[in-house]
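In the block that follows, a single chain appears as structure tokens, in the form predicted on its own.
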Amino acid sequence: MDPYCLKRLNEARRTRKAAVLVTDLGDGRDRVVFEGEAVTGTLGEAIDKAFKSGKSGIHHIDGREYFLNVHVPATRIVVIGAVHISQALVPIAKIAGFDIEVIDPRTAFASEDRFGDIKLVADWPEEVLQRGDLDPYTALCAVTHDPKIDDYPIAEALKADCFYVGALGSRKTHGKRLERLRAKGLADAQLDRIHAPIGLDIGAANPQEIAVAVLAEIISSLRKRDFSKLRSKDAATA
């Protein structure tokens, strides 16, 4: 591998960015493409699909053969609230291959007896999230139904461009939430990204079914994420 390509891949790993090593199997030349970086034509379409699927493979494009080696950061879920929905979400999220962490300052809820050996933090989100855990490969689910706990991580997740931000509550509750977040300086374009009420509308009637609906919505958001928004942001900061 070209040393420059190796340097770029190491940079991607360090900064939790997705990258594809594109190798032309005809002449052996390779290059690294970061997610959101524009590549025109059929090759660009194949790269976009590779990012969304996370799968590496050989592609025959315009009479040439390319190997796309996909390097995608481990996708994780941060749950705010150690509630019944969270208890049901944790095992199915792990089965689906997500890293998952639960944060709740209420020690009566955030206990190992209720959650086992997962990453569980009994502290305020303001303290925990200062370490920079939120990024475009993180989904945030706020399910405490308490603005004092939920509002801060929702705002930080939107600022960090998390690929999914979901919040528990009725439409009326969410309307009040939007008013509070606007007062914190969040723009309507950011607020429109919040999935509320949280989860796909499958008629869920209990915490276990809500957890299934939430995980399905997270997976849908991950696989259908819009690369053009990444490109627009990159262009604006270039």
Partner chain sequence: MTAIETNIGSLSAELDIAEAWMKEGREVAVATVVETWGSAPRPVGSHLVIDDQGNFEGSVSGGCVEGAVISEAGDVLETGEPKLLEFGVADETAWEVGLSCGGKIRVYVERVG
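Numbering follows the first chain given and starts at 1. Keep in mind it's a predicted model, so treat the numbers as computed, not measured.
Beyond the structure shown, there is the form predicted in complex with the partner chain, which is absent from this document and is the topic of what follows.
S.K.: Pick from Arg106, Arg114, His84, His71: which has a non-hydrogen atom within 4.5 Å of the partner chain in the predicted bound form?
M.R.: None of the others qualify; the residue that does is His71.
S.K.: Answer with one of Val128, Ala110, Ala96, Ala160: the residue that has a non-hydrogen atom within 4.5 Å of the partner chain in the predicted bound form.
M.R.: Contact check passes for Val128.
S.K.: Flag this candidate site as yes only if Gly57, Arg76 and Lys119 all have a heavy atom within 4.5 Å of the partner chain in the predicted bound form; otherwise mark no.
M.R.: The answer is yes: all three residues contact the partner (heavy atom, 4.5 Å cut-off).
S.K.: Just one stretch in 172 to 180, 61 to 69, 194 to 202, 209 to 217 has heavy atoms within 4.5 Å of the partner chain in the predicted bound form, so which one is it?
M.R.: Partner-contacting stretch among the options: 61 to 69.
S.K.: Taking 4.5 angstroms as the cut-off for heavy atoms, does Arg16 touch the partner chain in the predicted bound form?
M.R.: Contact check for Arg16: yes, within 4.5 Å of the partner chain in the predicted bound form.
S.K.: Taking any heavy atom pair closer than or equal to 4.5 Å as contact, tell me whether Asp48 reaches the partner chain in the predicted bound form.
M.R.: No, Asp48 is distant from the partner.
S.K.: At 4.5 Å between heavy atoms, is Glu101 in contact with the partner chain in the predicted bound form?
M.R.: Flag for Glu101 set to yes.
S.K.: Given that the partner is absent here, does Gly28 sit within 4.5 Å of the partner chain in the predicted bound form, heavy atoms only?
M.R.: It does: once the partner chain is placed as it appears in the predicted bound form, Gly28 has a heavy atom within 4.5 Å of it.
S.K.: Looking at the partner chain in the predicted bound form, which residues in 1 to 27 have at least one heavy atom within 4.5 Å of it?
M.R.: The stretch touches the partner through Met1, Pro3, Leu6, Lys7, Leu9, Asn10, Arg13, Arg14, Arg16, Thr23, Asp24, Leu25.
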